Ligand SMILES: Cc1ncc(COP(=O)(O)O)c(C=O)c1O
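Shown next as structure tokens: one chain only, the form predicted on its own.
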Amino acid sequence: MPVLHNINFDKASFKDFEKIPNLNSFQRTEAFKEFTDYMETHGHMNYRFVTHNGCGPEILVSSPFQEKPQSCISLVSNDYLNFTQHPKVKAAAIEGIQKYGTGAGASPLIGGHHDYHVMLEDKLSSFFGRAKSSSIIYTTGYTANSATLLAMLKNNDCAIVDMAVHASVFEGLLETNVKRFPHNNLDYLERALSDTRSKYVTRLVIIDGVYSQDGDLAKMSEIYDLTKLYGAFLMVDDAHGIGVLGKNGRGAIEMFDLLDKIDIISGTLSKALGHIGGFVVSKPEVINYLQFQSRQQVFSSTSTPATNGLLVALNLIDEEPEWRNQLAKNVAYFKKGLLDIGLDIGPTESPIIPIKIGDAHKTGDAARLLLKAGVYANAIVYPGVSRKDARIRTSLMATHTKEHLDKALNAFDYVNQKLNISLVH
């Protein structure tokens, strides 16, 4: 195959193949195939591994590094409470399928809006202490952000966005004006709020509750105060906080005592709640608008009857807080173990714990060595993070045992000895 580009594969990332001068779309796919082949040859294709069982603290994984599927400690799942395997949740999902079948049949607007959707939306409104008709569900958390923002913000509006928010937010801002501020930087946020005052009809500040790469929290109280001082609105995507953080599991927003104050709350049903889908919580007038103006609600089929399991999962947040408590204990134990090794875990305050390495190729080598040692963790490199901020990203679950965590810590110690990834050498 001829080389069609001048890209240095040793320093390249997936982003380098989004647009290549003088190559058409199909030639670009050929160049990208060369790159992924190169990555696999050099042991850095740490993506799209096939797993052979459900989410859990141990999973069976097929990878290019092993001849046969391998049992590994799983540090890759956002199923924080492991509700995907909770007997009550599974029984309710099965009951939903037995009663309604396997699909919704249409978009919510024209026949696909079933009573199990209404029950879930009412449950979500109540869960967040809002009035009835204050929530709307989407087929994915990604769509909850992108479709909502496309509907809400137009070319005379402006989004003021923390640079570390999820990619789904940026996709939702394609039809509006955007100002970005460095992560959690209050000075830059205030400058953006001041500079945009009186220039746009709507100004919406958008942040995460828990950030998906560093696992740290938004400076939510200060951001809320600044937003309101300058007459703007605030949207919080708390996908990684809901069910995990807060006294009652209502997320990072609950920790900051802002549940009744945030203008738009978005989140996912695929993490602590153990299913698939997303949601938005806001004023009933906003929800009504989204029901008729959000493209996903109009043109795409909606959640399947297995959604019935989410009604139970939401109840379990209150009925079985022991899962959330055990997760917090696991996080504290694992963080201490990584710090004792001398690894850089950044400012995380959640079950997302990054091990920062910096060099992308060393990060790929670390992921491969971990897998060979029976620990499956994600290598995150540019453009997921900046070029100098490559890391191994780990996610903990309530069902990890001390033995699971010790095996993972021993593997990280082994990788550190091999690759010298610690802060203190």
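Remember, it's a predicted structure, so these values are computed and weren't measured experimentally. Note that residue numbering begins at 1 and tracks the sequence as displayed.
In what follows, reference is made to the form predicted together with the ligand, a form of this protein that is not presented.
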item	value
Sole residue of 239, 75, 280, 81 within 4.5 Å of the ligand in the predicted complex, by heavy atom	239
The single option of 227, 297, 212, 330 touching the ligand in the predicted complex, heavy atom within 4.5 Å	212
Proximity to the ligand in the predicted complex (heavy atom, within 4.5 Å), stretch among 147-155, 266-274, 336-344, 191-199	266-274
Residue 133: touches the ligand in the predicted complex, heavy atom cutoff 4.5 angstroms	no
Contact of residue 168 with the ligand in the predicted complex (heavy atom, 4.5 Å)	yes
The ligand contact in the predicted complex: residue 107, any heavy atom under 4.5 Å	no
Heavy atom of residue 246 within 4.5 Å of the ligand in the predicted complex	no
Interface residues of 181-210 toward the ligand, as seen in the predicted complex [heavy atoms, 4.5 Å]	208
